[in-house]
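Only one chain comes next, encoded as structure tokens, the form predicted alone.
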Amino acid sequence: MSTISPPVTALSVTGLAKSYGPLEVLKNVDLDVARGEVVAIIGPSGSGKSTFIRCLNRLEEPDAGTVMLDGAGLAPSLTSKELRALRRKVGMVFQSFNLFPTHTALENVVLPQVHSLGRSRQQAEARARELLAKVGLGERADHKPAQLSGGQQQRVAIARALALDPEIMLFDEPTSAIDPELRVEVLRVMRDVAAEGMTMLVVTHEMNFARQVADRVVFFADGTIVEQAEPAAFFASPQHERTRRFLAAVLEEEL
């Protein structure tokens, strides 16, 4: 008789807290994410969503709580070497693209591999060209960021993050700085990454992405997780009044 193995936990967060002076941004947040799971994180501005994922790769230092990656805990304070190792495992794509403006798309994807992974220039360039083709920019490899649209720049940023072979990808509102008509190309790439089994946490205002791509939707408000569920249940029958009010507002805006 065969048995189904339980999902492997890729990320486990317990009691995560973060304050800026008297302002509590995160209040004892708990969240487990299975390997290969896509989690959409939604909520109003100022609810702690971005701070939460920035704490996961230590762009922000949490005040309390534990973060475990594949069963290994992260120390409260990490050395520079440990931080570099963490950020190889946990890739991040930001609202702003953070590309080197004086370098081509190809160079933006090559250089992190050379410096962080120690790959040869030849290996890094081969991988970069493969990934740029994957995100639909093979013919734009020699263009600098100023010669690319916002959607194209964000796709370069995704290729750059993937080039480090991360175990988890974090996205912090990756379409918010892009013209609406160009968002579709970025979302398509994110769908492809999800379909290949990447563990993803996506802070987003894109409700269709949350509905169609995410395995789970997590709703933040006032520094805590108010509600979480599979997308069908989350959007059809939210359990909390705070969730219902948020969805009513954002879904009305989409009409």
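We number the residues from 1 along the sequence you see. Note that the structure is predicted; figures quoted are calculated from it, not measured.
Keep in mind that the form predicted together with a small molecule is not shown, yet the notes after this line are about it.
- From the list 182 to 190, 22 to 30, 224 to 232, 208 to 216, the contact stretch for the small molecule in the predicted bound form under a 4.5 Å heavy atom rule is 22 to 30.
- At a distance threshold of 4.5 angstroms between non-hydrogen atoms, P62 is out of contact with the small molecule in the predicted bound form.
- Interface residue remark: E107 is not counted as part of the site for the small molecule in the predicted bound form, having no heavy atom within 4.5 Å.
- The closest non-hydrogen atom of E125 lies beyond 4.5 Å of the small molecule in the predicted bound form.
- Proximity of S50 to the small molecule in the predicted bound form falls within the 4.5 Å heavy atom cutoff.
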